[in-house]
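Taking the form predicted on its own, here's one chain by itself in structure tokens.
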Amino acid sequence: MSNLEPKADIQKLIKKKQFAAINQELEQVEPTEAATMMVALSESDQQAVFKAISSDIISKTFKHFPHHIQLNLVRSLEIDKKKMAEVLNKLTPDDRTAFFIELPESTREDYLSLLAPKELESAKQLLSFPEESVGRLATTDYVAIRKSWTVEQALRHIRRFGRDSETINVIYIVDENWKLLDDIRLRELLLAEPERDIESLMDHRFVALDASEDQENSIRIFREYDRAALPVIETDGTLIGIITSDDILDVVEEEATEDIQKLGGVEALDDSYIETPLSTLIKKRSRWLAVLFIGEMFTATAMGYFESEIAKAVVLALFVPLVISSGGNSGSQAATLIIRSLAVNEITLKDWWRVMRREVISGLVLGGILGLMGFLRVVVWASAFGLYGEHWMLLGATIGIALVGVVLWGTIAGSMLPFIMKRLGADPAVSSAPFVATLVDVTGLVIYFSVASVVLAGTLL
């Protein structure tokens, strides 16, 4: 650990223009800590530091900066094209790709022109893959060997090229056309006899990711096989790179954030909350709010349809919020549970009937519990305060029965909507809690007043 205090000491060194000291201090801390220190500075101080510190420090800390600071960093180096080129060339291929995909096409081309031929080829290859695909996450910094080599030759090769590799825990075996044949752990090589052939160590039981598949699918494969890194191949089996667990952790965070935002009835943000322009934030929130508002209009329509019943028994209106909110809450619970289960592959589309059976039972039991509570509420208030008139017992029965029906319907709707969305090819998280609650509000009113018209017929109605 460095003796550098956050922000305050860096600012003192900046004011004294002691940039060599800043370089020394930043070299002594972990890249994440160095990035945190620089992020805490003002924009002008950041630019001063970026211009002064070495390209090695910048390349190591680059991935830990938010994108807007990465962009400011690179722009601050525009007067020093040589240093800008050094930084871009020293970035790992996956970090460089992550930076480039956020840039406009014209700006990206300007920065690509600064790359060395080998780095340029790698960058263009990774950028050629579809957005959100596994190929966009791959790095070409890995070690590959041939099956015809001996263990001695392989270890010499690893010593020579392993320094620049993202990881050397796993070594990849390829043929002359760079087709992936197998992978082998470094431990196996270290324990094998030096003269032994690599081919004799192969078992052909490797796991690889398809470069064109969705990044979200790679999370499941990493979790299932418990690997620190996995190779990425083209459809013809050609090895193009590897993905490491730190990249997958970033994907996990992004996917979880996106799902949480959708569950809250918000379109997923492309950037962090603070980095998202206010106009974009309003636009993404207003779309769902407008949809939900239109849905709630049907609630008003349903209320209007039962206007005569409400006029005859105004007391029914008192319990509308109680009944429909219970349905919305139960539906939101069910939707949240099923969306998460689908996301982590605990259940699949074929499990819909099993889920339906469970939720029908759950809905009846939960509805019965809330129905009993609602009935007792009417009984206690009627007995203690003389409320609800002479037919309070029938009113209590209406509330109790309606709650069973509304909660049952909310539970079924909340659990089945994610399946429907997934079957249609949409993200199940789109069937968010607010969406389910709005749907159940409308139908809950119909159930409530339908029950009331039957139970209270000839009395209040």
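All residue numbers refer to positions in the sequence shown, first residue = 1. Computed from a prediction, not measured in an experiment: that's the story for all the values here.
This protein has a second form, the form predicted in complex with a further copy of the same chain, left out of what is shown; the following refers to that one.
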| property | result |
| --- | --- |
| Exercise: Leu403 in contact with a further copy of the same chain in the predicted complex, heavy atom 4.5 Å | yes |
| Any non-hydrogen atom of Asp45 within 4.5 angstroms of a further copy of the same chain in the predicted complex | no |
| Non-hydrogen atom contact Gly368 with a further copy of the same chain in the predicted complex at 4.5 angstroms | no |
| Interface membership of Asn23, a further copy of the same chain in the predicted complex, 4.5 Å heavy atom rule | no |
| Partner-contacting position among Asp197, Asp80, Glu132, Glu296 - heavy atom within 4.5 Å of a further copy of the same chain in the predicted complex | Glu296 |
| Position in contact with a further copy of the same chain when the complex is considered in the predicted complex, options Asn329, Gln215, Asn89, Thr97, heavy atoms within 4.5 Å | Asn329 |
| Heavy atom contact within 4.5 Å of a further copy of the same chain in the predicted complex, the stretch among 118-126, 72-80, 257-265, 145-153 | 257-265 |
| Heavy atom of each of Ala40, Ile57 and Thr238 within 4.5 Å of a further copy of the same chain in the predicted complex | no |
| Residues of stretch 337-364 in contact with a further copy of the same chain in the predicted complex (4.5 Å, non-hydrogen atom) | Leu337, Ile338, Arg340, Ser341, Val344, Glu346, Ile347, Arg354, Val355, Arg358, Glu359, Ile361, Ser362 |
